[in-house]
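Here we start with a single chain on its own, the form predicted alone, put down as structure tokens.
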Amino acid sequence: MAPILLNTMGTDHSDYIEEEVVHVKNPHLDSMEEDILYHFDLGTKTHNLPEMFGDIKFVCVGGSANRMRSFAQFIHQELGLPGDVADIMDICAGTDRYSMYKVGPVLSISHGMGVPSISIMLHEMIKLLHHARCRDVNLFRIGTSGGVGLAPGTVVITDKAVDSFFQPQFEQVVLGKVIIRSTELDKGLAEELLQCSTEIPNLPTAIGNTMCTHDFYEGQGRLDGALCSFSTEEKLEYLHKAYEAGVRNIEMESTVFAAMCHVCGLKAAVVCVTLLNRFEGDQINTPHEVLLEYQQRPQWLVSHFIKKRLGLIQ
């Protein structure tokens, strides 16, 4: 069956953006008496979402619950907010699926690993921003990745999120039909992040395409999984093709993140650090303390961006 193309949005986004309010693309929500955000343990009747979240301007998402808690504590200190960082509570404590922390105008949320996990979170997060009547929100996925031709520790700001065929699109099967959505990200936001990176010492940064796969092992051309159906030569040939297509890192969430944000008119960016150069191997054997420092680099960059936007630094 031929795919249904939904990626020709053009430059006129007036059909889904009105004064930068967060909009959902689901007419059925208007007829619902209550919207239960099940995986967040939140709801429109049980919680005053505009009061709780109406001032959110920045949403930062990442795979690990512990990492997003650490980021919430870090941004609390960076913004100079009152109170003890130990008192920052998990808003989603009533569920074991995701963790969420609110720090001033910043929301820090975990999304788990892979497209299915982050897509569930994104549906409820976008509805949350909509119900809370948030405006002018910037979204960031901050995380880790495998580098393609880049040294470990390099922060990659995604230009285009591409699939395993190096195409800037996300395919979703809906009612037995293949829906294709654009993975366009906000170029202005990426350029602003790149400028911020030049203002931070010892932060190697690059802009490039990010390839999103549905698997950590065979899907990323690794030779060390429980299954492997290709040779070392075939792996390297594929990675070189990816590099020639502009791919500089590989992870497992960027395409659906970009696609859903684009459809809903949200400005979004993907900022991931490389933990290894895939041309040189598959296993991550860097010392733990070095990996921890690498993982903080996207946080430093996004924090710098947020502080500049809030006028806390020039």
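All residue numbers are counted from 1 along the displayed sequence. For clarity, every value in this text was computed on a predicted model and none was experimentally measured.
As for the form predicted in complex with a further copy of the same chain, it is not shown, yet the points below apply to it.
Within 4.5 Å of a further copy of the same chain in the predicted bound form, a heavy atom is found for not a single one of 76, 100 and 197.
Proximity to a further copy of the same chain in the predicted bound form, taken as heavy atoms within 4.5 Å, picks out 227-235 from the listed stretches 227-235, 152-160, 182-190, 80-88.
Taking the partner from the other structure, a further copy of the same chain in the predicted bound form has a heavy atom within 4.5 Å of a heavy atom of residue 38. Remark: residue 176 counts among the residues lining a further copy of the same chain in the predicted bound form, judged by a heavy atom distance of 4.5 Å or less.
Heavy atoms of residue 209 never reach within 4.5 Å of a further copy of the same chain in the predicted bound form, leaving it off the interface. Although the partner is absent here, residue 136 sits far enough away that none of its heavy atoms falls within 4.5 Å of a further copy of the same chain in the predicted bound form.
Taking a further copy of the same chain as it sits in the predicted bound form, the stretch 249-276 comes within 4.5 angstroms of it through a non-hydrogen atom at 252, 260, 263, 264, 275.
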